[in-house]
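Only one chain comes next, encoded as structure tokens, the form predicted alone.
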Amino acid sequence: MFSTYPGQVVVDHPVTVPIEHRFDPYVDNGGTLLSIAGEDFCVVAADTRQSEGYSINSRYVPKSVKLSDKTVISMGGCYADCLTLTKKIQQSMEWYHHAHGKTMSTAAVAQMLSIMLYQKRFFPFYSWCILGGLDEEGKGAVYTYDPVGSYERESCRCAGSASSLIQPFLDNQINFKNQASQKTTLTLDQVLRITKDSFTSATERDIYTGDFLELFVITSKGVEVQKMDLKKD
């Protein structure tokens, strides 16, 4: 220490202070997913960009996985958690098939996923899940979840980084909210057009959504996968 003026003390060496060390087990890898249920079909769609902050880790990391000929799941959030949860679901479905000699129904998978998420409620999977498929009557079904297992069946739902942009559009075009016209039943072609328009519009405003769009079309004939380009910047 030394003094330059009377009553003033200047420290000539660094002051040692405690340094805070923080560990965060979660990371948001961005991306957007949606699902729309029709009269006898269901569409599950998601982009393939995986990012972290302002960096793109990969341009093709699928967020949707086919679980059976009638069920597809799509997940967003922390990619590591999504991958682990997907493996747990596939393993449980395989055990079910060996024990009962049949494939789990979409409703059964939906209930099982809710239990899996709730079991991890004290250290939850950082994942936003949307399960789409056909129910036992052959009608389209969409199940949406929060990270701790609360779920409900809906006609359409969007989750992920661009959900605030796409969900109001779906409420208007799929659920016909705030419209004077009568609610009509949409065809598969109309739903596919709305889905593609939703993503192409979202990529103009959301930097975490882009590159490619994967669409899983679930019908009584099985699951058909379609792919289209999105913005790359």
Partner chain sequence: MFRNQYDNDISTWSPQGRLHQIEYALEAVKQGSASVGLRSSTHVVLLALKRSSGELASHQQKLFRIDNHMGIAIAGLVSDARVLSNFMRTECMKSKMMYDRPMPGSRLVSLIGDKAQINTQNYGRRPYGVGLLVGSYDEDTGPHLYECLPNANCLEYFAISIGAKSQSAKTYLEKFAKDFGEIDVDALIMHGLHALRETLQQDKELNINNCSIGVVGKGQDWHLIEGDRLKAYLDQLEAGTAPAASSEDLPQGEAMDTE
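What you see is a predicted model; the values in this text were computed from it and never measured. Numbering follows the first chain given and starts at 1.
From this point on, the text means the form predicted in complex with the partner chain, which you will not see here.
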query	finding
Within 4.5 Å of the partner chain in the predicted complex, all of Lys87, Trp95 and His98 (non-hydrogen atom)	yes
is_contact(Gln119, the partner chain) in the predicted complex, heavy atom dist at most 4.5 Å	no
Contact flag, Ser150 vs the partner chain in the predicted complex, heavy atom cut 4.5 Å	no
Partner-facing stretch of 98-106, 132-140, 119-127, 159-167, counted where any non-hydrogen atom is within 4.5 angstroms of the partner chain in the predicted complex	98-106
